[in-house]
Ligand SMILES: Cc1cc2nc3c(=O)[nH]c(=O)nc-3n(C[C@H](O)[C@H](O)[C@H](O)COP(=O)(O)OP(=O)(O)OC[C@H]3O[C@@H](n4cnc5c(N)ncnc54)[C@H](O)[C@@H]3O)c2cc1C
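Presented as structure tokens, the chain that follows is alone, the form predicted on its own.
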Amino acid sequence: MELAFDVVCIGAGVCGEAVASELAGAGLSLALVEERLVGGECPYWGGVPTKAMLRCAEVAAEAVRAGELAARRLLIELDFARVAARTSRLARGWDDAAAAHALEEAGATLVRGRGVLAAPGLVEVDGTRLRARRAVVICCGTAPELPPVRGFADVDPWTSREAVMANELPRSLTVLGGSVVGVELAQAFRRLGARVTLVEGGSGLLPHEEPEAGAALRWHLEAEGMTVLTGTQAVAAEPVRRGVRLSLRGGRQVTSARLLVATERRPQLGGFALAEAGVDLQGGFVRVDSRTLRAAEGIYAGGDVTGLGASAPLARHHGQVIGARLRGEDRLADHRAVPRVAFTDPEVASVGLTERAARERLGALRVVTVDAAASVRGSVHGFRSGLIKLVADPGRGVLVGATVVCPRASELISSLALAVRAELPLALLAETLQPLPTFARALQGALARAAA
């Protein structure tokens, strides 16, 4: 059977939903193909459930901290079943009925199953052929991918999906991978009562961010009783009576009740006729023009599958740009100031270029680094070991990158993202008054040094 639509979108996650919203009422027929849940990774396995777990863990940790700041006697009994129930509720019980209904109300046709690009302008879904008269949009996202470690098939490791759907707390957990997903889940499970060992193959945590940020976060994780191992690779895994034994390069072994693998995510593009359609890959991701998001004649791609970034706001931006272009507008994507956040405690938020990337691109820089904890708000909050790092272009007098490690850094980064995108003068930023005592006030002092 073959059905014809103006646009066929492979993936009904955040990007696909944004395409549907942009095309609603535009007179273009749209089919969205989804093999899992409408809404994608963020509401069911990513941003929403992990932050729900982190919030529960944060409240528990703050209750313990009351012993330092305000309480003489304290009794806390953690109930992981309540955490799991709240996580499930906020993840919609892993039920996409409401999201699917919203798509159909917007005029889109939802097709359940795994869609593959079979030929230019043709998508196949379990024997059904969907012909795209105007364009195919590839926005099927990414999925957790296990690294090629001997024995993984025998130990039934968790990925982030199984971790957020867990109903019982493992007594101990080894987390392999120190990027955002790994550090977030590691801290959540540690604070909820599990013994946690975090293993990262790179030299530090959050390897794509400033090294100072990873170092500051490591201090906090270790202060909470977590074992953090960096610069070491997993070479084998095997089941043992107490759970899983992970062997590391150099001979060290770590045994825990559960193993959580949070290393890489990759697009699942097996069976796609990419070469025949003129689509190229770069590092396993769909190569697109970063401004138009065009992958080939009649083909667009957006969201995680492009390798341009992995966040729901960016995926939505891509969907909006693609939808607008399909309507005939000359809208362009902008990647200059995409915020990046690890919702740990303290949070790690960044935007723009790291110091290393900026030196490679610009050469001369002005870099300012201060401890966010060395502020009035840091003292009031009882906070230690933070970071504010600003990377500026002295020739133009503008900010090109920023990293903040402190409580609620995710809220501070918004103003810095605006500064980077709009190229606001450093002098203006430094003269903008901030309330006292806040971490934003410490940021104002750092901006004044960058503008000097």
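Residues carry their position along the shown sequence, with the first being 1. For clarity, every value in this text was computed on a predicted model and none was experimentally measured.
There is another form of the same protein, the form predicted in complex with this ligand; it is not shown, and what comes next is about it.
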Practice task
Answer yes or no: in the predicted bound form, does this ligand come within 4.5 Å of a heavy atom in every one of Gly13, Val33 and Pro313?
Solution key: yes
Completion exercise
The listed residue (Thr87, Ser179, Thr197, Thr142) that reaches within 4.5 Å of this ligand in the predicted bound form by any heavy atom is Thr142
Practice task
With this ligand left out of view, choose which of Gly214, Pro346, Gly115, Gly323 has a non-hydrogen atom within 4.5 angstroms of it in the predicted bound form.
Solution key: Gly115
Exercise for the section: Using a 4.5 Å heavy atom cut-off, indicate which stretch of 230-238, 72-80, 214-222, 300-308 touches this ligand in the predicted bound form. Expected result: 300-308
Exercise for the section: Answer yes if any heavy atom of Pro425 is within 4.5 Å of a heavy atom of this ligand in the predicted bound form; otherwise answer no. Expected result: no
Handout entry: Contact of Leu37 with this ligand in the predicted bound form (heavy atom, 4.5 Å)
Key = yes
Practice task
Determine whether any heavy atom of Arg265 comes within 4.5 Å of a heavy atom of this ligand in the predicted bound form, and answer yes or no.
Solution key: yes
Practice task
Determine whether any heavy atom of Cys42 comes within 4.5 Å of a heavy atom of this ligand in the predicted bound form, and answer yes or no.
Solution key: yes
